[in-house]
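Only one chain is given next, in structure tokens, and it is the form predicted on its own.
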């Protein structure tokens, strides 16, 4: 009897944690999004959300950042993971250096890149000292949304590529070396080994890395706040503004439910696109 109940006892702490810190808050947020203070079910808060002039821009910039940042991070992390996995010496040192940004918070990363793009920052100092410009350039001004977008994308790529890198390095480490040795015997070059062995067997890791990174991309806020403030509206920024600035918790909950819906759709897509066929070991 004790051996049968042991798995459930081991799962109990995680279950309690999920119920207390995910399921219960989710129910509260969903109730706020769909119900008035009097308890009447309504959709007016979603109508209020989509009718606001910032909604389309916030949705556009959030999706655009995800579509730009995540593919670049995927390519970079695959290249870096392949390089690290092929190293004979110094592998741990290189991996440690590349994962240093993981220890930096979103806001701190934004401030670091603000020191680069600011009017008195490093980039302007280099441009001015080399005579390329006669006066400092306002890269992050309210009229330069394109530059703000690029700065945020670069900051996110620098900060969060290591998340995918760690997952992919672990995944490559699980691929049996015998597969590569057999491919070499049959004359497969490096690119063929990567496309025919590494990528197919890396699907579960790619699935996990992409799901995690895309969800985090939809929740980008602190980096945008540091570099662009309100000049580059994103969905999570609207959640913050509605909840803490405008004290409109119902509309903030509607924005949160939209982010959750987009995250679920992307998760289902990656689970389908990168699914492993039955009977195939991954």
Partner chain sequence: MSTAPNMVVGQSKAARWSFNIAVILLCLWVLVPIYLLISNALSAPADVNGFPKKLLPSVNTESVEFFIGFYGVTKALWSSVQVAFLTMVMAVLIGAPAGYALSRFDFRGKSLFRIMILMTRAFPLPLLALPMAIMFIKVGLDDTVFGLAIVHTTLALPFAVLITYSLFSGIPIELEEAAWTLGCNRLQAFIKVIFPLVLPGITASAIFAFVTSWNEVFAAAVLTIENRTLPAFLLQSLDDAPLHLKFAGGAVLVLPALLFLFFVRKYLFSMWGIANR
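Everything quoted here is computed from the prediction, not taken from an experiment. Residue numbers count along the first chain shown, from 1.
We do not show the form predicted in complex with its partner chain, though everything after this point is about it.
Do residue 99 and its partner chain share at least one heavy atom pair within 4.5 Å in the predicted complex? Residue 99: contacts its partner chain in the predicted complex.
Is residue 186 close enough to touch its partner chain in the predicted complex, meaning at least one heavy atom pair within 4.5 Å? No, residue 186 stays farther than 4.5 Å from its partner chain in the predicted complex.
Report whether the minimum heavy atom distance between residue 222 and its partner chain in the predicted complex is within 4.5 Å. Yes, contact at 4.5 Å.
Does the 4.5 Å heavy atom contact test between residue 215 and its partner chain in the predicted complex come out positive? Close contact exists here: in the predicted complex, residue 215 approaches its partner chain to within 4.5 Å, heavy atoms only.
Candidate spot 6, 11 and 86, all three touching its partner chain in the predicted complex (heavy atom, 4.5 Å): Yes, the whole trio is in contact, each within 4.5 Å by some heavy atom.
If you apply a 4.5 angstroms heavy atom cut-off, which residues in 95-134 are near its partner chain in the predicted complex? If the 4.5 Å heavy-atom criterion is applied to its partner chain in the predicted complex, 95-134 yields 95, 96, 97, 98, 99, 100, 101, 102, 103, 104, 105, 106, 107, 108, 111, 112, 113, 114, 115, 116, 118, 119, 120, 121, 122, 124, 125, 128, 129.
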